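We begin with a single chain expressed as structure tokens, specifically the form predicted alone.
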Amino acid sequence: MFIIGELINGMYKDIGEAIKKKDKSIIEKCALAQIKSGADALDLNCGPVSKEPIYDIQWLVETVQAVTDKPLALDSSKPKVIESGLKVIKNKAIINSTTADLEKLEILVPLAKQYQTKLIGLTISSKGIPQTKEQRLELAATIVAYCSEGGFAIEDLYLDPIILPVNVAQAQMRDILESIHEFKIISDPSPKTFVGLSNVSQGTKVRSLINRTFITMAAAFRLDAAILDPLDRDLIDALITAELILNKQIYCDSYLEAYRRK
């Protein structure tokens, strides 16, 4: 599974302070720790502390890509912030994210084409968060159709079913998992699938357990990628083991260590 490290986000106190003070060492340390723990890419989000996100995202990009060539996901609800980051990026890039709303698609799909990035599409619209699998599939189909008509490669599109916290939306969990599987048959070639894992445990008291249980179940429903905390060793071990059981990895007694050495 493609793992995007979630920790370079201004909503975390240490990262927020580093962004305000322009302390590169904190950002660099966080980036390298996530990569060492198994992250294939790093998410960059200025968070609510940033007063000038258009400039701060460029500082984050330049700081991180000075220490790694891993792909970077530019994470903002503001297209101008994403475009600003893309202007200075040298690594491979992921746009995180568009919604199914036409005004977002009209801006972000052309940007993704122009800068040759991957694109995460959230199955959400101005009408709100979908409440059923059918609503998720309808929004996913809207995103796929727009990308296809606009000449954006569907293989570079990641669809997110929008995970809700299990403590408030327990009845939706199976629909969310089934949506991951059904997104794969919307088109040929298939879009990839993606989740923001931490959302499922938001507000609960056993976050790591809920996260790692969901990710192992999602792997069986053909999940391709997730943004998560790669420093949660139990979570990563559970994910590696799930992929072993699904025959995506070759078994050996030291498979955990072997996977990490990859």
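Residue numbers here begin at 1 and follow the sequence given. Computed from a predicted model, the values in this text were never measured in an experiment.
Heads up, the form predicted in complex with a small molecule isn't pictured, but that's what we're talking about next.
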(request) Can you work out whether the small molecule is within 4.5 angstroms of a heavy atom in all three of L108, T142 and S190 in the predicted bound form? (result) no
(request) Scan S198, S50, T63, T216 and let me know which has any heavy atom within 4.5 Å of the small molecule in the predicted bound form. (result) S198
(message) Looking at T123, S179, T117, N96 here, can you tell me which has any non-hydrogen atom within 4.5 angstroms of the small molecule in the predicted bound form?
(response) N96
(message) Given a 4.5 Å cut-off on heavy atoms, tell me which of 230-238, 51-59, 28-36, 190-198 is the interface stretch with the small molecule in the predicted bound form.
(response) 190-198
(message) Test of understanding: in the predicted bound form, would S208 fall inside 4.5 Å of the small molecule by heavy atoms?
(response) no
(message) With a cut-off of 4.5 Å between heavy atoms, is I162 one of the residues that contacts the small molecule in the predicted bound form?
(response) yes
(request) May I ask you to state whether Q249 is within 4.5 Å of the small molecule in the predicted bound form, using heavy atom distances? (result) no
(request) Please check if I245 has a heavy atom lying within 4.5 Å of any heavy atom of the small molecule in the predicted bound form. (result) no
